[in-house]
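Only one chain comes next, encoded as structure tokens, the form predicted on its own.
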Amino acid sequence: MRNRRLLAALAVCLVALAIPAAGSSKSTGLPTAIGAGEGSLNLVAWEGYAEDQWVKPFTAATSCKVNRKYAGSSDEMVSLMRSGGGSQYDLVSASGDASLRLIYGKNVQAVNPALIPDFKNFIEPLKSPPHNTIKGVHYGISLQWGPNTLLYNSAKVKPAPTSWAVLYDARNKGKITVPDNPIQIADAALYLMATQKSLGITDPYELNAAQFKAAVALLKKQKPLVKKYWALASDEIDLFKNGDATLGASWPYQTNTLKAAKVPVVDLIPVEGATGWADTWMLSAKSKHPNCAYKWMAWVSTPKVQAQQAVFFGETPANTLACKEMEKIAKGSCAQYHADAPVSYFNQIKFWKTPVADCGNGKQDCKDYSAWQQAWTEVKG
């Protein structure tokens, strides 16, 4: 990460504002205005979330120099946000399987959405979603969302796949790549939810002992078939470019990048459905540049920047006004990424969330995230 500037005196005053504890029903102590920028902003982000096409205009408009650290998994993001006493980074683009850990770990602070002018234009489910809003207190500003897709090389994979089954098929040994991420257990659970109904899985993130064991067993069976577990999106891109993998669990970002490089790839949501992400910019509890952070959250919430990121990455913006801007950039992209779809489309994706012992049915016998992490280590050997 590039060198960080020292904190201005004004920023010290703002950081000293009282922050409500996680779960508090009150939001007193939140800033009511955005002050002068501190000149610097340190981000932890997914690849493709802080591109020059919207970072450079932001810096020109605010004098906040953006320093980027790309992370390959939610676990890495949580670790980075806790490193150095928690003051090394200002913002993180956390997905749902990281956000609650950051909130209850008190690594992030409550924010005031009233300071984000475009917040009112967000799709309703992303104004106060359960992964970033606790008892009415907002711990971040929603950004983009999308599905985890099945990616394949259309020149080498025949016939075209329609099911996640190809990622568990021994005939594809050595051709498969999947994310190096414990949340991948949910993808196995989603497949079993459709193909082994006797397990009784209703939520791929709420798994009792028997359901969890079945999902882990499926992933252990898959292990010998995997060419490589990818950590960064660029890792999977390289595997497909080099012909080392022809099938993979992926994001639309990889699809767009590979197509731009003339690699014949296609992605899809298989018949069993898909997991997905809904990301949030979350402000570190010990941010040294809170004004620049608020300016960034406001900037990336505007229709134009939301559209730029959506088209670049291949995801869906939170801002409902971004559709028109997307069409200016790439005709047909609004419909392609479902930016104009009804809320029902959003609701059919099983979005990442942190697994906890509470199964949501009055029982406390679901496997929590620590069990998922341990099992993933065992899967990889």
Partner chain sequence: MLAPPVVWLGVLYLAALVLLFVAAFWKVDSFTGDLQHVWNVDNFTHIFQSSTYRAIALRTIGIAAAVTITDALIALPFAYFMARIAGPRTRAMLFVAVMVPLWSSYLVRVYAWRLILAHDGALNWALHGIGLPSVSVSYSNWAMWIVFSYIWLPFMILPVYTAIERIPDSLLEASRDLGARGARTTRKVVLPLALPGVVAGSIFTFSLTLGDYITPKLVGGTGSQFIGNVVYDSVGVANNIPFAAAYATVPLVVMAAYLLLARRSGAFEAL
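Because the structure is predicted, anything quoted here is derived from the model rather than measured. Numbering follows the first chain given and starts at 1.
We do not show the form predicted together with its partner chain, though everything after this point is about it.
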* Only one of 272, 203, 169, 235 comes within 4.5 Å of its partner chain in the model of the complex by heavy atoms, so just point that one out. => 235
* Would you kindly say which of 196, 79, 154, 128 lies with a heavy atom within 4.5 Å of its partner chain in the model of the complex? => 79
* Asked: Does its partner chain come within 4.5 Å of a heavy atom in each of 51, 62 and 312 in the model of the complex?
  -> no
* Asked: Heavy atom to heavy atom, is residue 365 within 4.5 Å of its partner chain in the model of the complex?
  -> no
* Quick one: does residue 239 come within 4.5 Å of its partner chain in the model of the complex, counting heavy atoms only? -> yes
* To do: Indicate whether its partner chain has at least one heavy atom within 4.5 Å of a heavy atom of residue 223 in the model of the complex.
  => yes
* Asked: Though only this chain appears here, would residue 361 touch its partner chain in the model of the complex if you measure heavy atom gaps against 4.5 Å?
  -> no
* Structure fact -> Here the chain appears without its partner; judged in the model of the complex, the stretch of 225-233, 272-280, 157-165, 207-215 with heavy atoms within 4.5 Å of its partner chain is 225-233
* Which residues from 363-381 come close to its partner chain in the model of the complex, meaning a heavy atom within 4.5 Å? -> 368, 369, 370, 373, 374, 377, 378, 380, 381
* To do: Looking in the model of the complex, decide if the C-alpha atoms of residue 140 and residue 359 are closer or farther than in the form shown; they differ by 3 Å or more.
  => closer
* **Distance trend in the model of the complex - C-alpha atoms of residue 133 and residue 359, change of 3 Å or more** => closer
